[in-house]
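Single chain ahead, by itself, as structure tokens, in the form predicted alone.
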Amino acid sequence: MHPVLTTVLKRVGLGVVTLIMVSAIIFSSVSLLPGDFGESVLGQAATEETVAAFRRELGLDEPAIKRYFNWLGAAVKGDFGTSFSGRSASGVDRSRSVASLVGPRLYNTLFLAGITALVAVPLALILGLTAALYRNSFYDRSVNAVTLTTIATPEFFVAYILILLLSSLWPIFPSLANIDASTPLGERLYRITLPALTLTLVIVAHMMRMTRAAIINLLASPYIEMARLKGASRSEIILKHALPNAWAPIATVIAFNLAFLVVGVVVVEVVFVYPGIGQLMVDAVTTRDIPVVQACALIFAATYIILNLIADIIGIVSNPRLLHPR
């Protein structure tokens, strides 16, 4: 078997094992949360028999190991269970499946992340390449100063600054990103401008600096020195010789930041009241909706693991020592 395929299969297997371990951590962490859903719904005046019957109805009286494997087996099939949010003390059950709750919210989050990535990734690569091309120039120092300032500023503070400037002082964009399935594409893009801009400012800074560092690190290699001695121009050295060998670290940086777009979007969604999966998870934690919390956390973990796995595979495929073994 080819070394590249062998290494990729090992990475995929490691990713599956990691996801199973993370699912166990998610389930146990949620199960260890203080308080009880039955008591929070029925109230403190409820008798122990009533609470026990309510827990039995929800399946919370079963051993944790059995509940975990039942949940994991159903999650593999795409069934995350039924939300607790529709249940009430009166016995009326208006709960919905977790998949029906998560699906539209996940689409909204992926839409916001996709629009942000379309803007942020090319912009970060261009800034990183030009900063490395004109290293130690005024342009390089200015870009580094701006990106360092952005990195040092929490994303929620960036969001509030943008709301102050572009929604309050100069009312150009709405401060609340309220959208639904019937919102037209143009209106949807207009309403998510501020959250997308917030995420763009945050991840461009990280990607730009890591791209610049990867290029500069390669510029110290012997083959780059040989290209200089042959009379290659600075732009030719970076674009033709350094950039192809920098794709592996750059792909890793892009994967990390794309994972942040989906996983770390929670704060931005809460600030702008954006109906994404992050906002759904916060609401579910507040109401102790355990199945929804577990599903959102598992989706976040799977997204992070898959994107990092893709970055590893890109790094493996772009490694000439594996592509051309002796």
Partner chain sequence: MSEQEPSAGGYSAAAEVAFKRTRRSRFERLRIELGKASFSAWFGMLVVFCYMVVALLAPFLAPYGEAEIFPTPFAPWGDEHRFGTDQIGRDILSRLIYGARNTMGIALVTTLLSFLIGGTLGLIAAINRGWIDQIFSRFVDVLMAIPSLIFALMLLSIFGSTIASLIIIIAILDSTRVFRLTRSVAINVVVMDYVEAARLRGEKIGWVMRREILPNIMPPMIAEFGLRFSFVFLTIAALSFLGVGIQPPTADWGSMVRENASLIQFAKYDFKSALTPLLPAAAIALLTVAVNFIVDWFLHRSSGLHDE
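Residue numbers count along the first chain shown, from 1. Model, not experiment: these values are computed from the prediction.
Below, we turn to the form predicted in complex with its partner chain, even though it does not appear here.
Since the chain is shown here on its own, which stretch among 72-80, 159-167, 193-201, 103-111 would lie within 4.5 Å of its partner chain in the predicted bound form, judged by heavy atoms? Going through the listed ranges, the match is 159-167.
In the predicted bound form, does every one of 26, 171 and 301 come within 4.5 Å of its partner chain, counting any heavy atom? Verified in the predicted bound form; spot residues all in contact, yes.
With the cut-off set at 4.5 Å between non-hydrogen atoms, does residue 183 touch its partner chain in the predicted bound form? It does not: once its partner chain is placed as it appears in the predicted bound form, residue 183 has no heavy atom within 4.5 Å of it.
Does any heavy atom of residue 282 come within 4.5 Å of a heavy atom of its partner chain in the predicted bound form? Yes.
Please run the contact check for residue 97 against its partner chain in the predicted bound form: heavy atoms, 4.5 angstroms, yes or no? So residue 97 does not count as contacting its partner chain.
Tell me, yes or no, whether residue 22 is in contact with its partner chain in the predicted bound form, where a contact means a heavy atom of each within 4.5 Å. Heavy-atom contact with its partner chain at 4.5 Å: present for residue 22.
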